[in-house]
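This document opens with one chain alone, in structure tokens, the form predicted on its own.
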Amino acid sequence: MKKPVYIFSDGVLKRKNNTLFFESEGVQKFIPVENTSEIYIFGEVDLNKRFLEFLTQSEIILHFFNRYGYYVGSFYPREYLNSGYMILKQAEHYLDLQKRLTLAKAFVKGAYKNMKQVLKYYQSRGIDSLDRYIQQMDNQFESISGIDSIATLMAIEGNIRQTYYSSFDLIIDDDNFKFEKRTKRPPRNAINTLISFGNSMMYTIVLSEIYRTHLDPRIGYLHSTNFRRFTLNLDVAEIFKPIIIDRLIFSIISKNMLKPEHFEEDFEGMLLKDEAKKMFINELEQRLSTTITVKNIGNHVSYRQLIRIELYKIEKHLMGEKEYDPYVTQW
């Protein structure tokens, strides 16, 4: 099974002996091309056109992040599964406002229900005061049915997420990781730094899965298709961020795997040190490979496979085979 490769060191990536090769100070390492699904680059890495051509032939995506863990961009090889029919269907559902609203509302529904499931999970473990946040989110979501504007829908989704974030201090209960309020670009404290880094990872994970379907990542529905390169991955990531990223953050903090010294502050905000990024990614990969039983599927599937299945469901909706219903976790 192919797996992602993560590079934190500075160095050079090249094609050598018909495979991938990374060279850094004192380090020389072959990366088997047949075992690599995508490459995440966090260091300063040099590469050339010959290397990119080889990635295209091998159908490997390259994701770039800066030193703050912000997603910079991707080398997205020529889509080998690209379908003109599917692109037309995606465009049709984007240009028709009612069709676009149907999908956009489904993404908001999935995000809301999974955020609610996260809170109910911790409520069942003794945090009774979460009930008021759940009730407030329910009230906010009730108004979604009559919405006829994407901008208004986005505002409601933002309000629901803000209520959800307001509960984080109750769940985390750690003075070293106070949430206070959501800040980004730059994040102003440790918990916001973790959320921003985790969300960036989630966006690229979904993007990599889209590459292996007939969907075009440039056409999203909740997030407007404009001069931004990709939007569909942002839509789908909203569903999975609460149950993958947020649950992971709560877990690693409760296990004391992160300390204040894993963070560094400068004039642009706070960043996660490489040691902590490596630990976070290792835990994230374990979570993505965790298998669960999914209703109507039967077999045990991993969270990574679940993302791919969600994309197939969107394809079926676009082709008129089955109305899209977002995945909602059951704990």
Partner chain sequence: MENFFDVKGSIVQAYIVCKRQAWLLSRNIGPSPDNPFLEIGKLISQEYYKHDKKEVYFDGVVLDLIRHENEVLLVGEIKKSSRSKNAAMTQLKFYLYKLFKNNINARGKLLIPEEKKTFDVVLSFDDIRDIESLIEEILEFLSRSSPPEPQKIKACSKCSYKEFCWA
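Predicted model only: the values in this text are computed from it and were never measured. Positions refer to the first chain, counted from 1.
What comes next is about the form predicted in complex with the partner chain, which is not displayed.
Only one of 134-142, 95-103, 193-201, 208-216 lies within 4.5 Å of the partner chain in the predicted complex by heavy atoms, and it is 208-216. At least one heavy atom of Arg308 is located within 4.5 Å of the partner chain in the predicted complex. Shown alone here, Met257 lies farther than 4.5 Å from the partner chain in the predicted complex, counting heavy atoms only. Proximity of Met86 to the partner chain in the predicted complex: non-hydrogen atoms within 4.5 Å are present. At the 4.5 Å threshold, heavy atoms of Leu170 stay clear of the partner chain in the predicted complex, well away from it.
Leu81 is the sole member of Ala155, Val72, Leu81, Ala91 with a non-hydrogen atom lying within 4.5 angstroms of the partner chain in the predicted complex. Residues of 299-331 that come within 4.5 Å of the partner chain in the predicted complex, judged by any heavy atom, are Gln305, Arg308, Ile309, Tyr312, Lys313, Glu315, Lys316, Met319, Glu321, Lys322 in sequence order.
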